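There is one chain below, alone, in structure tokens, taken in the form predicted alone.
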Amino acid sequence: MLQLGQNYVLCLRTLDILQKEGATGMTIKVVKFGGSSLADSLQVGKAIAIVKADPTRTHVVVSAPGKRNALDTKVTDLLLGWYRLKKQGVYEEAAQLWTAICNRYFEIISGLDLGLDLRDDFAAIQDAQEAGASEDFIASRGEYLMAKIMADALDYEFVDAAKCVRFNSIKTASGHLATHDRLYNEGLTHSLVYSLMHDKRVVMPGFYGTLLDGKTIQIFPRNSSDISGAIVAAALQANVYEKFTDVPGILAADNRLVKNPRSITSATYRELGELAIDPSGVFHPEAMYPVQTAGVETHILDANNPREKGTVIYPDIRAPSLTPGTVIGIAARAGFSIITVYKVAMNREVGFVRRVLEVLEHERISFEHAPMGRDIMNVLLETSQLKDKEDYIVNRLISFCFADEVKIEDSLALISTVGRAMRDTAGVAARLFTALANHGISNRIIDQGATEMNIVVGVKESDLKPAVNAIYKEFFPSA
């Protein structure tokens, strides 16, 4: 078995079969199109042209149609709205949504001048809802229908993700499948290798699979269907995984905080992993694990301008050279808290840190950073995890860890400045902190011990935007 970090498992049988069949010499590109690239017939036409322009684009993974404009609604949201209205017995409004759903697909089929008829598929969805289908099943139908259209337009084989992708059934305390507990079994490998060996080209819907029973539909978290494409690319040992979206690559900063930030032309998976707290990122953090472990190069490209280079993400061993200390990007997110634990000479007490983390583990709370000193330990975590637990955690840390004092500070934001060999390059940290000081911004927390490529600072949420802009202007002065 090939272990992908601690999060994914794929079968090595893929590579074995390909080697025996002499297929490893083939150039394979797995292509993923996001919802914005499939919003209407015009966008779908662009996606079709992109696939046809390169014969090595053998496997295509698609999202459901996204928004056509800022006031539009994604098909997945229309499906969920229809499902919930039907369950509530609000039939007239549900019928209006159903008409809107059907019209979205009819427009695409008509605009592409296809002969495809989806009426039986629409009837099957309605029948499934009446029979008590789950919300996950209904949500998955957006990708299912879009994949059927794309397969027909390209004359590729349609492969249902329900026959390929498997999840395990471990759930979090909130009842959702934990992302770090997902398991993708051999079904994906066997199906795709079969299609490859028989010179078939495949379109597969993203966003869903089934539980290990092979029947119960389970979806990925919203906006993370590029994980599906990454799994396919890893299973096929593809040369390149291409994700097409509506922006020219991964941005060096959140464009909601910095006006017109430049794109990152190249990065490694490790560097991109340090940027994973960026909420506007176009490449889901979990999508990295399969392709990173399999050594597959990833390209993030603009479907509206596919000839532009976009962002190339390299396995570490093939990383292009960069000047040490070069900053490639800045990630930022609000909504954090610091738990500060005080105890005299805690550094001499064996097991103290373990007990602190055990308290959090008992409440199923994860953390981002945990810098500490001789008498103080800070644990930085998402505020949402502390809901209704603050008093309990404070009292438990005092009683179980014999802490002298425990405080919790909310309304903090994290800013992660990522680059190459930053820890060992003189002056990088000084430039960052000087930029913040010149704008009157104080640091609530600093963490730079664990990695050579990342400096993390915590600031007040009210200082987030000016802090990010100050850092951006320092390291990207010509932007």
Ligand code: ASP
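All values reported here derive from a predicted model rather than from experimental measurement. Residue numbers run from 1 along the displayed sequence.
As for the form predicted together with the named molecule, it is not shown, yet the points below apply to it.
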Counting only non-hydrogen atoms, choose the one of 267 to 275, 385 to 393, 72 to 80, 110 to 118 that falls within 4.5 Å of the named molecule in the model of the complex. 72 to 80
Consider the chain as shown here, without its partner, and state which of N305, N223, S134, Q96 has a heavy atom within 4.5 Å of the named molecule in the model of the complex. N223
Classify T417 as contacting or not contacting the named molecule in the model of the complex by the rule of any non-hydrogen atom within 4.5 angstroms, answering yes or no. no
Hey, in the model of the complex, does F207 get a heavy atom within 4.5 angstroms of the named molecule? yes
Exercise: A64 in contact with the named molecule in the model of the complex, heavy atom 4.5 Å: yes
Decide whether E242 counts as a contact residue for the named molecule in the model of the complex under a heavy atom distance cut-off of 4.5 Å. no
Residues from 379 to 395 in contact with the named molecule (non-hydrogen atom within 4.5 Å) in the model of the complex: none
